[in-house]
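Here we start with a single chain on its own, the form predicted on its own, put down as structure tokens.
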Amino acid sequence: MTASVEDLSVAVAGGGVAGLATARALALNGAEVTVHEQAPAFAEVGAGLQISPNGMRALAALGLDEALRAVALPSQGARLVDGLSGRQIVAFAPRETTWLVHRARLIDVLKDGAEAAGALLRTGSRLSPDAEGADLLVGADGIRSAFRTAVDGGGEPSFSGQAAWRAIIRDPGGPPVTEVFLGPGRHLVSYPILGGFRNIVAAEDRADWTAEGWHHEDLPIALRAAFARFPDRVQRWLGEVEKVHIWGLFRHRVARRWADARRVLVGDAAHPTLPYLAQGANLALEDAVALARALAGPGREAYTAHRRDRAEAVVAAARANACRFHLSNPLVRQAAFAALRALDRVRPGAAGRQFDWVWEYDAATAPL
């Protein structure tokens, strides 16, 4: 990033992935940046993340890709598995590397990067959408964003009919492969992360409402019961779970307005997405790079127009996966699995290339 937004004072609401990445991006361009994190410390619920090639390109633009590689595992690919039989459906070899990382380690990388670029980080500090004193206010305050309400008018989310659990266990073995077990009305994703840990994300269809947000604890026995029919390997993992969080999955529309005279949205404040394409953190990293470019060039309107189209496409793809992962009709499930296997025999790797348009995107060079 060689352009400059010098003399611009920026206040960022939120010290998560979006807020810290944006702080780094703008500070590198000469802005005077302060991040306001209302929690007493920069901390995250224990969870893993997949930083796909598009996210790594954004980190490279921020000068943080090597720092991320030092705390992450390079994925060797992904496997889809029938959650009832344990039989592999299809495997995907990566065309480019996805990195498997603990969310807290990514936060550390971004926090250190923001401070090294000159940003001031404040904990226990809440930034109002009506705050004065800064030229630009950045709303990186997540799915319950006060900034989104101020800029875009909010909009009520709708319950997707699905709830998800997150857990991390000790598991020193196994190759760095993402495994997705598909069952009727439910699925489970697991992959190792650095330090001898394994990340588990599991979701099921349910009629009852579950509160949105990651900080709701559940009983491990409830998770085990929901996936009791899954293969022995899954049962061993779930038997190691000591602490688990659950949250309801809600559909949010992508914000129509991302900016006004003094405010701009990034990350989940602009485009909350279901976790079925592993793009929440990656989109946030893209936002940071694109916003810095736009402020140094064509302006916030260009950022809004370009990022909204991109986010809407990714969010829609994640919603489509939510249906594909939870097929309940036995005949439909087996037909879908057979079709994937047949496609892989005829065109090896083709099933995994349907999302190349997601992975190949580069926020540092995409036209604004």
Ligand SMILES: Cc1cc2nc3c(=O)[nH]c(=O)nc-3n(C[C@H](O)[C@H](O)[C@H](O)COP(=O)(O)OP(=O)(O)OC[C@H]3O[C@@H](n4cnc5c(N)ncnc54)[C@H](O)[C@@H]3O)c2cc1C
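As the structure is a computational prediction, the values presented were derived from the model and not from experiment. Start at 1 and count along the sequence shown; that's the residue number.
Here the subject shifts to the form predicted together with this ligand, a form of this protein not shown in this document.
**Student:** Which single stretch, out of 220-228, 264-272, 234-242, 75-83, brings residue heavy atoms within 4.5 Å of this ligand in the predicted complex?
**Tutor:** Heavy atoms within 4.5 Å of this ligand in the predicted complex occur in 264-272.
**Student:** Since only the chain is shown here, I'm wondering whether residue 125 would be in contact with this ligand in the predicted complex (any heavy atom pair within 4.5 Å).
**Tutor:** Yes - in the predicted complex, heavy atoms of residue 125 and this ligand come within 4.5 Å of each other.
**Student:** Any of the heavy atoms of residue 293 lying within 4.5 Å of this ligand in the predicted complex?
**Tutor:** Contact with this ligand, no.
**Student:** Taking this ligand as it sits in the predicted complex, is residue 11 near enough to touch it, meaning that at least one heavy atom pair lies within 4.5 angstroms?
**Tutor:** No - in the predicted complex, heavy atoms of residue 11 and this ligand never come within 4.5 Å of each other.
**Student:** Is residue 31 a contact residue for this ligand in the predicted complex, using a 4.5 Å heavy atom cut-off?
**Tutor:** Outside the cut-off, so no.
**Student:** With this ligand left out of view, choose which of 169, 90, 182, 281 has a non-hydrogen atom within 4.5 angstroms of it in the predicted complex.
**Tutor:** Of the listed residues, the single hit is 281.
**Student:** Given that this ligand is left out here, which of 111, 252, 103, 186 has a heavy atom within 4.5 Å of it in the predicted complex?
**Tutor:** By the 4.5 Å heavy-atom cutoff, the listed residue in contact is 103.
**Student:** Establish, in the predicted complex, whether 23, 117 and 137 all lie within 4.5 Å of this ligand, using non-hydrogen atoms for the distance.
**Tutor:** Result no, not one residue of the spot touches this ligand.
**Student:** For a quick check, can you give me the residues of 23-38 that have a heavy atom within 4.5 Å of this ligand in the predicted complex?
**Tutor:** Heavy-atom contacts to this ligand in the predicted complex: 36, 37, 38.
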